[in-house]
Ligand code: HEC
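In the form predicted on its own, a lone chain appears below as structure tokens.
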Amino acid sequence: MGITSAHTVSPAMRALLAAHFSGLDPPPIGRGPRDLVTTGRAIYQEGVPAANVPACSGCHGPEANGRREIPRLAGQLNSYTKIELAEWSKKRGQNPLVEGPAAAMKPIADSLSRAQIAAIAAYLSYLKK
């Protein structure tokens, strides 16, 4: 069996696959440094007022499960979250004329230090969906 590219899958099949995978509840993989979890939890729940960074929980929810267009962060891979936050401006929210969650995250991601990003990623990597 060969590898199928996502763009060759029919819309109906994509919907079925999305429904299937959204119903799975795997345990979090973790892999974030445990010594950063406490700091990450504090940033997630309280933000970084000195850097004008709001609490992540305000949009992503107290359990990081997201809602509607706001993505779930609970259980994300540590390395994935670190890369996405560190490179937010390169990947998303580049067009100032486009509003929405991606654009709203740009100043937040840009205001976080590498150490703060690492702590948030570690915390999220251990949360269960």
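This structure is a prediction, so every number in the text was calculated from the model and none was measured. Numbers for residues come from their place in the sequence shown, where the first is 1.
Not on display, but discussed next: the form predicted together with heme C (HEC).
By the criterion of a heavy atom within 4.5 Å, residue 78 is excluded from the residues contacting heme C (HEC) in the model of the complex.
Put simply, residue 112 is close to heme C (HEC) in the model of the complex: some heavy atom of it is within 4.5 Å. Contact check for residue 55: a heavy atom falls within 4.5 Å of heme C (HEC) in the model of the complex. For the chain shown alone, residue 118 is not a contact residue for heme C (HEC) in the model of the complex, no non-hydrogen atom being within 4.5 angstroms. Contact check at 4.5 Å (heavy atoms) against heme C (HEC) in the model of the complex: all three of 71, 88 and 105 pass.
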